[in-house]
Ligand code: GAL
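Next comes just one chain, in structure tokens: the form predicted alone.
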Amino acid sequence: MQHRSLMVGLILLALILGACVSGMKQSSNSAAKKKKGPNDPVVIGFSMDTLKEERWQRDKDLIEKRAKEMGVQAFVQVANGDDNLQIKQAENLLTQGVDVLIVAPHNGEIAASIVEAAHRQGVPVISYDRLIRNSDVDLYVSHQVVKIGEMQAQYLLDHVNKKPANFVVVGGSPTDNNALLLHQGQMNVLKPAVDRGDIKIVTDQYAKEWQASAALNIVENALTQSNNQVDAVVASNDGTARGAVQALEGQNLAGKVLVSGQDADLASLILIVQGKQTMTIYKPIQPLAYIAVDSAIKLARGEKVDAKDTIDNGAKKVPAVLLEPIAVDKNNIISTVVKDGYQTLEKICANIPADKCPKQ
């Protein structure tokens, strides 16, 4: 009887110790989220991967603008594509006492450590534009990335005038989760077309760091491999699209091969008017930046964020706000990017003959 009582006691002790260890482990990884009062000042940290592309300068400017309008302070750090630097900068922002972190990660896997570090200090994290994977991130604010990939592929599929047509697929940086989601969307459209015998994919490769030079090499190699028999290039953003156009120009094929893009960069809108790039995806940045700031303020104050979507980041279903993208070609430049004030017709048509320029 004594032996049985001793065994029961040991089991109970083990359970208690296990619970204590589990509790210690949980508390070491996550502190209770701090809550600011309705009149308390809020400080936002914005950790950015890069400012190399035109669009990211817009994000930075609009985040700062909205923060000022809302009476909150925003500290911005830019990592220039360096994962270790981004982690250090995020730690620096936390040291400065930010109440919430907005992170546009360079590497969606490695940035999980930023979420962990922030949560240890009770600071919520918003994953901005690019998803931070395998982490307990609090909110994801972006556009419908899979849909963007589908739109790019579908537009070229609808406008190619040959069957079977030879397609080249140029992805973005393989360390960027968005590049993977774009590719998923592109394949949602292209794979059935391959199965039907409507198209053949000559090359399907990712461009390191979204570099135009990497896209140039991919398309040059595809042209060599196919003896210049390429009908469409599904380029994942405008930088890679411009690399593709450069490769096509080298073979006097610019304007004869369809090329997609994304971001509505000024340089690519010029190429669209010139007929060298076929289309781009316009993602209005202002609502994205404003929603991020407004949501950051709510999270800092412990208020509910209206996130109607979710996205699986490998660790959880992350609450998400996903905005609608818009396909833009020469026919609707005026009614989209120009109308919104995203780009001006004067800049787009600065060096283009008046008769070739879209009319307002």
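One-based numbering along the sequence shown. None of the values given here were measured: they were computed from a predicted structure.
Beyond the structure shown, there is the form predicted in complex with the ligand, which is absent from this document and is the topic of what follows.
- Proximity of 152, 242 and 329 to the ligand in the predicted bound form is absent: no residue of the three has a non-hydrogen atom within 4.5 angstroms.
- Picking from 189 to 197, 126 to 134, 87 to 95, 215 to 223 the stretch near the ligand in the predicted bound form, with a 4.5 Å limit on heavy atoms, gives 126 to 134.
- When contacts are judged by a 4.5 Å heavy atom cut-off, residue 263 counts as touching the ligand in the predicted bound form.
- By the criterion of a heavy atom within 4.5 Å, residue 53 is counted among the residues contacting the ligand in the predicted bound form.
- Contact between residue 167 and the ligand in the predicted bound form is not found at the 4.5 Å heavy atom cutoff.
- Looking at residue 283, you'd find a heavy atom of it within 4.5 angstroms of the ligand in the predicted bound form.
- For the options 99, 176, 138, 231, the residue carrying a heavy atom within 4.5 angstroms of the ligand in the predicted bound form is 176.
- The single residue of 228 to 246 lying near the ligand in the predicted bound form is 237, the criterion being any heavy atom within 4.5 Å.
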